[in-house]
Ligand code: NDP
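Form predicted alone, single chain, as structure tokens, below.
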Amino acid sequence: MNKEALRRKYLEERTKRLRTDGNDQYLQIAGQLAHYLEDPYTPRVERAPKTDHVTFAFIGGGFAGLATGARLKEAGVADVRIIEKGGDFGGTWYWNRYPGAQCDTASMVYMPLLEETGHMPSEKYAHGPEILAHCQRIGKHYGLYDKALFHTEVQDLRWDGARLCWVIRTNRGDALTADFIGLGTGPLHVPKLPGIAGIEDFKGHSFHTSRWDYGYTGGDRFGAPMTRLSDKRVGIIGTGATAVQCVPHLAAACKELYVFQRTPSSVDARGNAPIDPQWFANIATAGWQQRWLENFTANQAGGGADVDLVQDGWTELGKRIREKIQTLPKEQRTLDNMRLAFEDADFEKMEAIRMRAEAIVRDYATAQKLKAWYRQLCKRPCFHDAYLQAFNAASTHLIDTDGKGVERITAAGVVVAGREYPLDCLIYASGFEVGTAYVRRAGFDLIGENGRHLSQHWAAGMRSKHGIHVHGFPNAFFVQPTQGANLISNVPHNLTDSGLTIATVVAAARERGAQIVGVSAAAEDAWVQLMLTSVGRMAGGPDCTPGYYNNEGRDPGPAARLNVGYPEGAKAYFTYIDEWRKSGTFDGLEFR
């Protein structure tokens, strides 16, 4: 490989896609576009407003809320309430019902609480319906449906210092109180639309992939053919992980499919297969899933594992990088040299992925346009065994925009480079809000002691201890990866571990008779200073092609310097936090 030529090519392709508006290129769905937010899956049930009190209220019914609720129940907290804007548990997996939806991290480590619920995944990479059913299984297993409020959005959440509780007001007229609150309002639940001129003018049918309209397409989320598209010209905007999964199904169903591409995804082999029940019975001994979680993290983000239990694209990438670094003499293993070794490993892997596109896609010009010219972790790596093959169908057309994106949308279709492509249906695979402010995604601004707003406290960047506890916001817990393990390759591991931490702290507070638990200012400051020593993560560096990993290529400002994880890595963090929990001293927290 000519490394300098590759670096120049990567820079050239990045430069094509740089924009001054960053995340502002996407629309916050409201007004005339508000119908893209409607829930097509579950009818809203009218109910009287709630005014009762619970020990713990959790905002968000995805993996974060389910895992935390489960651990709280195990710790003896009987009255846990989950408040969720969707019509059921599931979070991302409630909304993502598009055809072909799957996890892209192996089911055995991705799906939480498998051992506790006694569930064996049916496939190495489970499909969406199974993951949603598992979320419902967790809810039933732990009795989390009993007090859950669905189709309910929090509008105001503030600490009442006189009553020592949190007051929660919702769009359903609820005025609830809780001793403790948890926040699992992660980045994958607020859909976004591209800010393309004319988006409101299209007269055909349109929808966002998180609100898939099977009434129009035919078929269902279980894989039935979309027979109503057989005479339709369909366009899809976006070629990220969602499109990689649903394009093959659209290609098989549409009269004509037009895939509008700004930046190609890297698409490696997936190799999905059913899980053998006899094999699973042999490995599913006590503690099996925790062992698998630790093994995945050690292989993908820490090193030191003798075997690879998961054996997927993520662990293969980690092993490839470590092997390249280990070829360096010990005295040469400086940070700069290790980064160069990482770059070499990545060059080799990405060249193999590009050659895979060339080997699979029969049309040479199309294959070239499907090649990804950036480091593998600049964008979410994709793994699929049917996406590239879909472009071999004569009815599937790749409309590559050479990094410019769609020019405009008209009443009749989509315009790229001056040419209009007439469409009957336009599908937006444009993802969810990731880089926007936390309070914007949550839909409310948390108000803590002395009227302090979370937006004020985080104005110069996120401040916390463990990514869970925030000074001035007593009895409140955040469940998300940042300033913790920050294991982006398997986010549920972060969430389930945080749930265990929260349940342990709440149980300790109750045992001590404490009404309030919070992090001291000194402990928060110390943790923030520790985060500033982190070299950051490998994903989405500033030299990457624009995407949600790097704020769409726009300088996010100094506040983003704190959007990192434990300096010694995910494996070290999980070891540290386990010792912190077991010590019983809860260093940094104050019980009152």
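When you see a residue number, it is the position in the sequence shown, counting from 1. What you are looking at is a predicted structure, and each value in this text was computed from that prediction instead of being measured.
One more form of this protein, predicted together with the ligand, exists but is not displayed; see below.
Between the options L487, A241, C165, C254, the residue in contact with the ligand in the predicted complex by a heavy atom within 4.5 angstroms is A241. Residue in contact with the ligand in the predicted complex (any heavy atom within 4.5 Å), chosen from S266, T501, T315, T263: T263. Within 4.5 Å of any heavy atom of the ligand in the predicted complex lies no heavy atom of Q480. In the predicted complex, at least one heavy atom of D104 sits within 4.5 Å of the ligand.
Though the partner is left out of this view, P112 does not reach within 4.5 Å of the ligand in the predicted complex, counting heavy atoms only. When the ligand is considered in the predicted complex, H249 lies well away from it, no heavy atom lying within 4.5 Å. In the predicted complex, every residue of the candidate spot (Y98, K379 and G431) has a heavy atom lying within 4.5 Å of the ligand. Annotated contact segment (heavy atom within 4.5 Å of the ligand in the predicted complex): 255-263, selected among 255-263, 511-519, 283-291, 304-312. Taking a 4.5 Å heavy atom cutoff to the ligand in the predicted complex, the contacting residues in 399-413 are G405, V406.
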